[in-house]
Ligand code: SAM
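Only one chain is included here, represented as structure tokens and corresponding to the form predicted on its own.
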Amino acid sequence: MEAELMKSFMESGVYKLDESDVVFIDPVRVLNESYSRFRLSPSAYYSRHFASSSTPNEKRKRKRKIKDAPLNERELCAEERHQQVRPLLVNAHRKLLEASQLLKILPEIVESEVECRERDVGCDFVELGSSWRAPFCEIALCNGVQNEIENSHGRKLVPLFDNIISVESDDDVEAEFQNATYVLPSRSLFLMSDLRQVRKLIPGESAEGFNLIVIDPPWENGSARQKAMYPTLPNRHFMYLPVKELAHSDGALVALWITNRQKLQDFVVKDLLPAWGMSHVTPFYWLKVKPDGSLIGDLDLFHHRPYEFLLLGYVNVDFNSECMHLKESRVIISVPGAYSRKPQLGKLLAEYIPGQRPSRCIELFARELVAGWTSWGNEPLHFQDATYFLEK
């Protein structure tokens, strides 16, 4: 049985640890399905350095500090929520540890047999897109892109910012900007802009809307701010996302990534989800592990839980008709990539997406592209730099 699961995993990047309730995912294998001439370098994707596990004494010291500090009302709510989900996560992690063949190859998964090219800091798309230079920025692409303007050197130029760029090719497309090369997957479409321009993606007719809407907002986050990893936005700005307008008339599944902060959880439930018109909301969980299968941190460490929430709900769905039903207890396990990079969800959520096939999918606040998907944000090319890829 495990041999069959391993064979399926090597092909798909998804290992079902408990039918469909607990799955392990290798995001590199999943994303590589978007490319024909290129593949992601595992050593570039899994660029985080995982410290060795703390000794028992160190763990006890940290727990004692948290225990001695009195918890306020919000922290008590957060702790209660953690205790409710803890058995589910412990059980999911146990199932991973029982998958001996998968554990054996995990260290190999996160390392590439060929080192990728050394990466520079890269272009700061956020800073550039908000500067006076933005209207003058053009990206050069090869064939397969709509609305191109060919210059005297035979390259096609399109405005980079506030412009919908659509890859019409069935093959990967390379693009150049500021002496860097970017790899664009086939049939992908993206708009690089700030929040004011996202309404450009609202379809002319709701029957042309999206069946899956993935949202990974840059929540206000002290850790992100201190590390200057990415810019954040005030949480109330996200209420103005046109989720209902983007949704297909046959309904849409909305997947929202959210942190463990109780203040944020309260805001999302009381204000954000009603503003978007989401119903039948169900939490999924992303449990993060190291290449040896151990959790990236102590499960009970209060301010650094080794898991995140993924809230799933529906928009424009008539629940009196036949519809997919979300499971209450699904856990997604993976080795995390670069800071705040989430695993790709299309394959994992396919059975729950309402409406037509193939589904129309969009990611808001995207930092990478996926074949056949629409991506919007102020840096959807962030992880498309060619130095993240190897040629097949």
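For every residue, the number given is its place in the sequence shown, counted from 1. Keep in mind that this is a model prediction, so the values were computed, not measured.
Keep in mind that the form predicted together with the ligand is not shown, yet the notes after this line are about it.
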Handout entry: Answer option from 29, 347, 341, 360, heavy atom within 4.5 Å of the ligand in the predicted bound form
Key = 341
Exercise for the section: With the ligand left out of view, choose which of 138, 216, 79, 176 has a non-hydrogen atom within 4.5 angstroms of it in the predicted bound form. Expected result: 216
Handout entry: Contact of residue 13 with the ligand in the predicted bound form (heavy atom, 4.5 Å)
Key = no
Practice task
Please run the contact check for residue 87 against the ligand in the predicted bound form: heavy atoms, 4.5 angstroms, yes or no?
Solution key: no
Handout entry: Contact of residue 195 with the ligand in the predicted bound form (heavy atom, 4.5 Å)
Key = yes
Handout entry: Exercise: residue 126 in contact with the ligand in the predicted bound form, heavy atom 4.5 Å
Key = yes
Practice task
Check, residue by residue, if 233, 378 and 383 all come within 4.5 Å of the ligand in the predicted bound form, counting heavy atoms only.
Solution key: yes
Practice task
Select from 360 to 374 the residues with a non-hydrogen atom within 4.5 Å of the ligand in the predicted bound form and write them out in sequence order.
Solution key: 363, 365, 367
